[in-house]
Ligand code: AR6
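Given next, in structure tokens, is a single chain: the form predicted on its own.
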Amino acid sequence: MSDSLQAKHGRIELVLGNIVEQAVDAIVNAANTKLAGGGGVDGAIHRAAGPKLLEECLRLPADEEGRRCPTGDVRVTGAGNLPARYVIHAVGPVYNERYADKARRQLREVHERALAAAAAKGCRSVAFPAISTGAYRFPLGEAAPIALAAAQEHLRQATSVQLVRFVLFSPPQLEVFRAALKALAGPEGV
């Protein structure tokens, strides 16, 4: 099952599947600040990529608390055994209702920065998970429009990126993203 939306300089696509199986130039990892693997998408990517991914992550500079990537930012590594060329490690925000505006801003920024990093590496295709919507508790209904709007905005400019794919792991996730994509397209589309 696939849904897509044509943008000025590319296409946004929604698919039900597993991000580690995506044959794209770059996949985005919903990483933690230490870039040391973890659960959910992060753990799945590290397991599928093999030990080279963790070794490369651990070579990145860390601060005094072991953080290799601050919230809202990204780091790029090779992809190990994955079919992609690169992994863009994106640290999304932990959602807290009290600081919801800050979390929304950071979620938008992490998508923008991941797309900019993909373009800087000359990537034509990039696959995203639903960043911050698992253990970081960002409400899926709020995250989907933020993620899709960032992709649409990026595709309004001419960069190497021509396909932004959101890989949703469950049918309910896909349905939320599908509704957000339909709202983003509006009556006239993009």
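What you are looking at is a predicted structure, and each value in this text was computed from that prediction instead of being measured. Sequential numbering from 1, following the sequence displayed.
There is also a form predicted in complex with this ligand; it is not shown, and the following applies to it.
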| property | result |
| --- | --- |
| Of 44, 54, 62, 163, the one that lies within 4.5 Å of this ligand in the model of the complex (heavy atoms) | 44 |
| All of 14, 155 and 159 with a heavy atom within 4.5 Å of this ligand in the model of the complex | no |
| Candidate stretches 117 to 125, 145 to 153, 64 to 72, 131 to 139 - the one whose heavy atoms come within 4.5 Å of this ligand in the model of the complex | 131 to 139 |
| Close approach of residue 30 to this ligand in the model of the complex, 4.5 Å, heavy atom | yes |
| 4.5 Å heavy atom contact, residue 19 to this ligand in the model of the complex | yes |
| This ligand contact at residue 176 in the model of the complex, heavy atom, 4.5 Å | no |
| 4.5 Å heavy atom contact, residue 50 and this ligand in the model of the complex | no |
| Sequence-ordered list of residues in 160 to 182 near this ligand in the model of the complex, where near means a heavy atom within 4.5 Å | 167, 169, 173 |
